Structures are given as structure tokens and as C-alpha cells.
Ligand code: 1GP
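Listed next as C-alpha cells is one chain, alone, in the form predicted on its own.
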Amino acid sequence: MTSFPRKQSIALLLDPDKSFKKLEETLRVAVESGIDYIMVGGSLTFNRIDLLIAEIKNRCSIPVVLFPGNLLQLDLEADIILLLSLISGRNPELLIGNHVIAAPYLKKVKEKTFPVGYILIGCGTKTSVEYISQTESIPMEKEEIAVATALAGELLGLKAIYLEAGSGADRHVPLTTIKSVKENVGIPVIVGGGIKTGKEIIDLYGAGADMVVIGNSCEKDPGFIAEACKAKNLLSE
């Protein structure tokens, strides 16, 4: 597997239950804008995730990253499979239980799997992932807990930390939290949830995010993909 994620990269998260209607337009804008990755997954998915992945691969060559919300969302055709461990919560199924069940299946594509410490940060409204996972997020003012959790994930051998505000969150993960986590771990930091403007994306990179994940804002307006990529490109000029 090539290095993942690339520094200052941006990923578009597509939910199988919401993405099929505007998929052609969304992928066209993603290709034209230079999105680095397309992530696929969701907290609650009724549509077949394999069909969405196949359609994406049929229409473009952007690497597809599987972001599974549960065991029903596994598909070996993804280019990268995130093995998410919800280390901010104490639900044993999301810490190790589901991983044990999935391991024999994922053994076939071990080179594609990428273990990630998934940390929920409370940023306003209770999100779908909190409800479905039956866990509480780390309060956004408890920065020291987020840092200690991320550090524990690194010491356990996880390859990246994903700081998640949640789909539809009122705001993104605080910049001070991202900065503190980045200063204390030596692995990539991924940030997603509650991101609404290009300026926010620039700020997230400035705080230490290696990859920014956008999704909910793009479902409402695919044009935000172009705005997000333009913001990223400003940093490399």
C-alpha cells in the first residue's frame, strides 16, 4: 500500500444512502477539482456499498477508501480499507469485537487494511455516529483527554488518528485540539465533520491536520468540493 494519507490531502466522504442521486455530478466535480480520495461509508446504510464502490471505480480513477460503519459495509474492492477502532468510546464491539469477526475476511487483502484510531469529539448537536455506536464523544473542552486517547492509540500500533466531529455537527473539531494531538503523536491526523468553508479547511491544515474529510456540505452543494480543493491548493502555491 502506498503512503496514506498524503500530507495536506482532502477526501470526499460519500454515504451510500445519500449519494446515488447526484453521483455523476459529484464525481465530475471531484475529478475536475482534484480530490485526493473518495471515502465510502456511513453510520446507517441500507443501500449496498459494493454497488456504490463499483460505480465510482467505473467513472473515475480516484482511490476509493472504505470507511465502514458496520460489518455489512465491508467490500474488498476498495483500494484502502480503514480498520476503525472507536477508541474514544468503551463499546467493546467497536473496539475489537467487530474486528475479530471481520479478520478472516480481511486477511485476503491484508495489504489494503489501515488501522485507525477513531475519536469522537463533541462539537454541538448529538450526531448519528454517537447514537448508533452507543458511545459518548469526548467533550470539546476536554482537550487533554483527546490527546491522551490519541497517544494511547499510537502506542497500541494504530497508523493514524481520526478526529471526528460527526456528520452534521454544528462545528468542526477545535483547532487547539488538533494542534495538541498533532504535537503529541507521530502518526497522521485525519479530521472530519462540521466543515463548511474553504477558510476552515485552511485553518485545519494550519492546526496540523494531514487529511481533511468533507461530506455533508457536499451532499447539499457539490460545488463545495471545488471550494475545498481550491483552499487546499492555495497552501501549495
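Numbering starts at 1 and follows the sequence shown. This structure is a prediction, so every number in the text was calculated from the model and none was measured.
Separately, the form predicted in complex with the named molecule exists; it is not shown, and the next lines address it.
Hey, in the predicted complex, does residue 34 get a heavy atom within 4.5 angstroms of the named molecule?
It does not: once the named molecule is placed as it appears in the predicted complex, residue 34 has no heavy atom within 4.5 Å of it.
Counting only non-hydrogen atoms and a 4.5 angstroms cut-off, does residue 215 reach the named molecule in the predicted complex?
Residue 215 belongs to the contact set for the named molecule.
In the predicted complex, does residue 166 come within 4.5 Å of the named molecule, counting heavy atoms only?
Yes, contact at 4.5 Å.
My question is simply whether residue 194 lines the interface with the named molecule in the predicted complex - judged by any non-hydrogen atom within 4.5 Å.
Residue 194: contacts the named molecule in the predicted complex.
Can you pick the stretch from 85-93, 158-166, 100-108, 134-142 whose heavy atoms fall within 4.5 Å of the named molecule in the predicted complex?
Among the listed stretches, the partner-contacting one is 158-166.
Is the named molecule in the predicted complex near all of 13, 67 and 118, within 4.5 Å of a heavy atom of each?
Contact check passed for all of 13, 67 and 118.
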